[in-house]
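Presented below, as structure tokens, is a lone chain in the form predicted alone.
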């Protein structure tokens, strides 16, 4: 049976959690089942769409003392390696339809965007941009390439060359900035205003809400796939967070559809970039400063998305901060295929939710706080595969190909 080393972690029960609060019209205007249906129609029409695997982890479930652990593996999503393929590219499509519709004075559909040569030619005059730790920028670049518009992506100082090259593969111009992720967000915004570009960000802030909402709505397709494949509704959901858009999209999906008991929802961040936990502790949005130096590069964000906070502020049961070392141990654990569990290639940011679930399982106080027990059904979202292959091999000791080959049935 697989075992998991102990690590120090922080679990903060959300003092503003409102179990009886209805999802309400205000939040339905942000994320809704109707808007998800629209996003699903678009995304499932793209070449290469396939439902990603939902893995059952019975060995880890027994070790954690819970009824089940299910892990939604986004490593194969559209060949981009992460769930973000759903969000950024969908927001690019929505943006192009809006902009061209305004310029032409008529409605432009996604289907027309892909089939009308004149519209595709018009797309070439539009430039989209964003800042990224890697995965979101790759999705935006892929969407821009698919739909024929120009793309400029900003990365900060510590983003690896491997992630930079992966973005450039889709024809985007990549600009490396000094400072951290939040500095690159500000640089992308300034340059977009100067050059007349359109920012496709997963971070919302005052005056900028529509596009991040489209990004989050795209993410919900992944949640719907997972829930559709589950044998039972989960009792606990642990989700990693950077600016919070991903976590909020997952939280909102369950909140909107819960007619009785909502799953216990835990937001998980790196200790070095825990802006949501710190905001929950302060009772208001606060920023975490510094270089945000964490191996979990996709979660290295110091400023909270306002749209995400609108949902997580009262929708999350708890916030958790975990150390990098625990993430590395979990990557190796998933690569080892112990206890009857399948081999899974999981990147550094993919495993944060599983880390928090396993650490909670070891801690009697945390188990009690989250009401985790032998009947608990835990859902996790593995947000990426080996999106930085060199770093994955360095941390796990084998390449993704070797891990999969070693774990293949004889």
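The structure displayed is predicted, hence computed values, not measured ones. Positions refer to the first chain, counted from 1.
As for the form predicted together with a small molecule, it is not shown, yet the points below apply to it.
Of the candidate stretches 57-65, 376-384, 337-345, 358-366, only 376-384 has residues with heavy atoms within 4.5 Å of the small molecule in the predicted bound form.
With the partner omitted here, the residue from 238, 246, 90, 71 that has a non-hydrogen atom within 4.5 angstroms of the small molecule in the predicted bound form is 246.
A heavy atom within 4.5 Å of the small molecule in the predicted bound form is found for one listed residue only; from 322, 299, 252, 316, this is 299.
The small molecule is not shown here, but in the predicted bound form it comes within 4.5 Å of a heavy atom of residue 135.
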